[in-house]
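One protein chain, two forms: both are listed below as structure tokens, the first as structure 1 and the second as structure 2.
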Structure 1
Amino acid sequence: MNSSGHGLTIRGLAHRFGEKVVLDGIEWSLPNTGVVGLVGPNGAGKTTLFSIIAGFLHLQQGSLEILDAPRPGHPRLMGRLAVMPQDAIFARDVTILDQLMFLRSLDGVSGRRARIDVEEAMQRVDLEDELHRGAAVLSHGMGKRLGVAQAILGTPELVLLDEPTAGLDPANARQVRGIICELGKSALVIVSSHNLLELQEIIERVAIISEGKMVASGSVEEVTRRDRRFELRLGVKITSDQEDALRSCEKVRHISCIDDRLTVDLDASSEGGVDEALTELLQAMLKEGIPPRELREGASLEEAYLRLTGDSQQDPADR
């Protein structure tokens, strides 16, 4: 068990493929536990960063400490670091039990202990009935959940998940999110995903990479401070004059209304932060006789992502 207080510390990390700089001066420090998001456009360097942390790629420049190990691939990390690639591939004609038992043996665990670990992981993703079948019989969603199962075998202390809910139906995606949140109570979980609204619901911290550079990192509150989106369900359909009155509020950056649904982007960069901005909006609504029936935070992380990556013309979910 790592007692240093840091699950991951990266200093001056740089990586090239030939003449192309893929990562440039990455600095990142993360605690022992919690769920962290890693986001950025395709080609930004996320997969390369994951591969270096996992020890799949040689460390070219900089330093990287993982748990209590001084470098990736160190023997101290055996069985403590787990990875789920975006497109994890399993043998089609070998039983899932045998495949997962083999993976546990690579971590130095075998016999009854390995069998228990495999059964527990498969139960957590509702695939325990598939243990004695090959991956050929699994649907895409089941295959995705099998990838999650292999990543949570045993008691990993650092888990890297690449698009863990991509292609899952809403029920299975919610189940996987629940597993991730539970895992984050005892391990450091880093999740790479293009579904920023979903990611916003489960992460505590986030880092945004663009063109090989880490353009922002910190708590979700810190990174989204300037860009907070709220979605409101109203008791009435507002008039154009009422909408104009709300639009004139100092902290309102953008507003749109469809029927009784209102979406508002707030500037929360002042000292009072999001509370001050939201209070101003709600006061203006009550003054205009617009009763809010329901309020929830929308895609604030997406708004920050688009601003920081300069990619405001494209929805990040399409990349």
Structure 2
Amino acid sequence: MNSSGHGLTIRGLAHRFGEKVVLDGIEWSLPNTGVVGLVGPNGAGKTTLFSIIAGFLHLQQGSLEILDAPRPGHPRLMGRLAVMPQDAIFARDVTILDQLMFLRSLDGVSGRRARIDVEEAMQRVDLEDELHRGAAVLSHGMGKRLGVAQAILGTPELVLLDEPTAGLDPANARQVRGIICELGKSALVIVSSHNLLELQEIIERVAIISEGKMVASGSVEEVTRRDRRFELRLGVKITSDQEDALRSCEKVRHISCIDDRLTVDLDASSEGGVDEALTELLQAMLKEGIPPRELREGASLEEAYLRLTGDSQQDPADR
């Protein structure tokens, strides 16, 4: 915990590569525990922000307090911060056991204790059978899981995971999501991902970064308050007149219908919030004689993301 009582506090962070400004005026405070999502388009500055927090890149402007350390890369952070970088690879010609034992020994744990920790971490990502092999034999997905295993070695207090489930099959992705949720109970876990649906399942807080600026941050509820998407399955196919009638509702921001499936984006920014907006929609549907068979909350984070990053042309409902 740092002096402000947070796990991570960033003030006025700016970073540039040559003339190009990649981060500008980032302010971010995060608690000691929990799972936080960091999302943004490609090139928005997510990996740069991760790299600065992890101490890979030097701080050019602004300040960072990480746990109780006054700056990234501070010796006090050694062994307490774990990172799963997006593009790092393990040595191909050294066994995975040796590589993870070496990393654990840097934390000050060696011998039998280190071996137990390594085996435990590898079991959690379902790679215990690969311990005595080199990283050369691992597939892309296995390599990703190995990256997660090294990040959860020991008891890190801050974990940075850059695209941890990219390229994983559904079963392994679910396993990794479970590990992240578990980690978030005792540590602050920051996850960068483009899979917003998946992210929405596991995070409590989110920050959206676009063109180097943090355009939104807070709890998922706060960030998505304005943008609540619902997906409804209907018993009948609606007519264009019925669709127009629903579209004319005050709280309906966007509506699209494919066969018997209706996707509706609601404006939940008013005092009544999402409940009021949803009530208005359902009343309008019943009035039009379209009883919903199934209703489920959709990717509201995705909607907020697209609105905040100006990528709304990518909205799948529009395609």
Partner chain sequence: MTTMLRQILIHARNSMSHSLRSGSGVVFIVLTILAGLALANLAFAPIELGFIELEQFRDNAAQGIGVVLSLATLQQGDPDSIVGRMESGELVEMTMWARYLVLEKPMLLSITVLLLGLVLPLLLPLGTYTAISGDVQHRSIRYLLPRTTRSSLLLGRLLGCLLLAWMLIGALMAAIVLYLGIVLSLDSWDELIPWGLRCTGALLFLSFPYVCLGILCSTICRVPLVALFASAGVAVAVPVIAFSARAAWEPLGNLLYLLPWGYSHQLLSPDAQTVSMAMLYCLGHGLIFISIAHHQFRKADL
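Residues are numbered by position in structure 1's sequence, first residue being 1. Superpose the two forms; the largest set of C-alphas matching within 1.5 Å is the rigid core. Because the structure is a prediction, the values reported are computed rather than measured.
Matching the description of the form predicted alone is structure 1; structure 2 comes from elsewhere. The two forms, fitted on the rigid core, differ between structure 1 and structure 2 by less than 2 Å at the CA of residue 38. After superposing the rigid core, the Cα of residue 75 is displaced by less than 2 Å between structure 1 and structure 2. Here residue 261 counts as shifted, since its C-alpha moves by at least 2 Å between structure 1 and structure 2 after the core is aligned. Taking the core as the reference frame, the CA atom of residue 292 shifts 4.2 angstrom between structure 1 and structure 2. After superposition on the rigid core, the Cα atom of residue 283 is displaced by 3.9 Å between structure 1 and structure 2.
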